[in-house]
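Before any questions on binding or motion, here is one chain by itself as structure tokens, the form predicted alone.
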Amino acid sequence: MTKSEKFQQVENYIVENQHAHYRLAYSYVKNKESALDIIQDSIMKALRSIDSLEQTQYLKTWFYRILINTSIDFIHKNKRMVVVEDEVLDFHLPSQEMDVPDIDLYEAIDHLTPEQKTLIILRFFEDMKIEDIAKMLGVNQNTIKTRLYAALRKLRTNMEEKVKV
């Protein structure tokens, strides 16, 4: 496959899955503009490193890895910056009809470590298989299962504490 064919395939993939990419980036930063910045940076990184994509059947896992790493890097770089969450901003702006389901679940997920959050999002929100997550993160499937179980246990504890309060 030529480099221009790879470019075209990556471009098509990104356009076809733009909503999923936005949802994943947004789940990390909870801010529309920051999520769009992450996606833009991820696309730039992907196109610059297109030679590292050896087999195009792994395009999804390859791009998700770039997107997740870019999201985590963004969080580390902007630790000192206080970002007002969209929900808080919407509260202070004129009211709009918004449907925000399962807000407690999202709050509980935000209290997980970035690695645990990644596993929960990929498995349950992006509906990825354990095998694909393992390939994407470069660890074996049993490790993913163990970490996912620990993340779910912590998530359950966070949710139970929230209910008691």
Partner chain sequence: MSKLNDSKKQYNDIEIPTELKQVVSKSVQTVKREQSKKKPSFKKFGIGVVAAAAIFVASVNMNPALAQSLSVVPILGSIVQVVSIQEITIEEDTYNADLKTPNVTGLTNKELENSLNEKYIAENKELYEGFQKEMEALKEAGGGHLGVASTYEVVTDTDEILSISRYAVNIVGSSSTTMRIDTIDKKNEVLITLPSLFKDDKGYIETISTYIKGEMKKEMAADEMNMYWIAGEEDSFDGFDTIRPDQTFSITSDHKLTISFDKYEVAPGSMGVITFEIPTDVIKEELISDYYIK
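Residue numbers count along the first chain shown, from 1. From a predicted model like this one, the values you see are computed outputs, not experimental measurements.
Not pictured, yet referred to below: the form predicted in complex with the partner chain.
- Between the options Asn69, Thr113, Thr56, Gln40, the residue in contact with the partner chain in the model of the complex by a heavy atom within 4.5 angstroms is Gln40.
- By the criterion of a heavy atom within 4.5 Å, Glu131 is excluded from the residues contacting the partner chain in the model of the complex.
- In the model of the complex, the partner chain sits beyond 4.5 Å of every heavy atom of Leu137.
- Although the partner is absent here, Lys32 lies within 4.5 Å of the partner chain in the model of the complex, judged by heavy atoms.
- The partner chain in the model of the complex comes within 4.5 Å of a heavy atom belonging to Ser27.
- Contacts with the partner chain in the model of the complex, taken as any heavy atom within 4.5 Å, map within 109 to 128 to Ile121, Phe124, Phe125, Glu126, Asp127.
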